[in-house]
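Presented as structure tokens, the chain that follows is alone, the form predicted on its own.
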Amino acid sequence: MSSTWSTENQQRAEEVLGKYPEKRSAVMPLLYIAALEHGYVSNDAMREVAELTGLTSAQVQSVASFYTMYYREPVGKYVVSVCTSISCYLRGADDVLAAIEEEAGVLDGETTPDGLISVEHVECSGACGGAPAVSVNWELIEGLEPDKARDLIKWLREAKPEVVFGDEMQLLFGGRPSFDWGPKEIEGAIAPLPAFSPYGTAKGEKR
């Protein structure tokens, strides 16, 4: 176990490794934990995961470079991702992206100087029926219009939420969803990583 990781992340890694008969099968969840520790999937993070799984650093890098949710360069506290696939494009995703870029003051692929917000375009968020779709730290918002997109950026700057919840952002900024959402979510994202409580990337709702 990497002695450079926090006690909490070392424990999470041990628990994840214990769930797989083959250590190499744990490479993806361990990359999430490593990214939480380092802030992104750095070269050191990939070497540490390689040591834990018995893989080579090149093998770990091949996984980290294939999946877009593993950021290999530093990103902001909030990563705002605009889907620009065909359904979202036809519903005005380019205008939404332009509004977000203008309000954030940075272009697609860039991070604000204060390190708070990164902006990116992504391929299919899987919410074609609720296009245009936007996510913040992989928490989804459907039916976002340019004016509401600007409001979203202002809210992130002013409120600086510790946890981002898709339900909350949908209520504040979203439009027509693809279908009626299910029960209210009880956990949200605390980092620019998908929210999974076993990996330490999610936190429950404030009480």
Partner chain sequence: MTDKILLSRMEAHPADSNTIARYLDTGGYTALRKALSKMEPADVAAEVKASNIRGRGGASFPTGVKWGFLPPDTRPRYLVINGDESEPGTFKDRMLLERDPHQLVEGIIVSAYALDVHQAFVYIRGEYPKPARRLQRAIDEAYEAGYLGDDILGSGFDLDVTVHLGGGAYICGEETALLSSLEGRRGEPRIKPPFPAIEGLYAKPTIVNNVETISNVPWIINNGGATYAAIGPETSSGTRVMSLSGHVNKPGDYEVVAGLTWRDLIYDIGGGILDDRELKAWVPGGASAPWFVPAEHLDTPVTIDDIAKQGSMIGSGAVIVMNDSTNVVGAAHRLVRFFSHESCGQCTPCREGTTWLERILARILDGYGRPEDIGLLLDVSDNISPGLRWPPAMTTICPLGPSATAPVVSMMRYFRDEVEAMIPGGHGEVADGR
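Positions refer to the first chain, counted from 1. All of these numbers come straight from a predicted model, not from anything done at the bench.
As for the form predicted in complex with the partner chain, it is not shown, yet the points below apply to it.
*Answer for Ser118 alone: is it within 4.5 Å of the partner chain in the predicted complex, judged on heavy atom distances?*
No.
*Is there a heavy atom of Arg91 lying 4.5 Å or less from a heavy atom of the partner chain in the predicted complex?*
Heavy-atom contact with the partner chain at 4.5 Å: present for Arg91.
*Should Met46 be classed as touching the partner chain in the predicted complex when contacts are defined as heavy atoms within 4.5 Å?*
Output for Met46 is no: heavy atoms all beyond 4.5 Å of the partner chain.
*Is there a heavy atom of Cys128 lying 4.5 Å or less from a heavy atom of the partner chain in the predicted complex?*
Judged by the heavy-atom cut-off of 4.5 Å, Cys128 is in contact with the partner chain in the predicted complex.
_Heavy atom within 4.5 Å of the partner chain in the predicted complex - residue from Glu110, Glu102, Glu73, Glu123_ = Among Glu110, Glu102, Glu73, Glu123, a heavy atom within 4.5 Å of the partner chain in the predicted complex occurs only for Glu123.
*Just give me the residues of 46-72, first to last, that have a heavy atom within 4.5 Å of the partner chain in the predicted complex.*
Heavy-atom contacts within 4.5 Å come from Ser62, Val63, Ser65, Phe66, Tyr67, Thr68, Met69, Tyr70.
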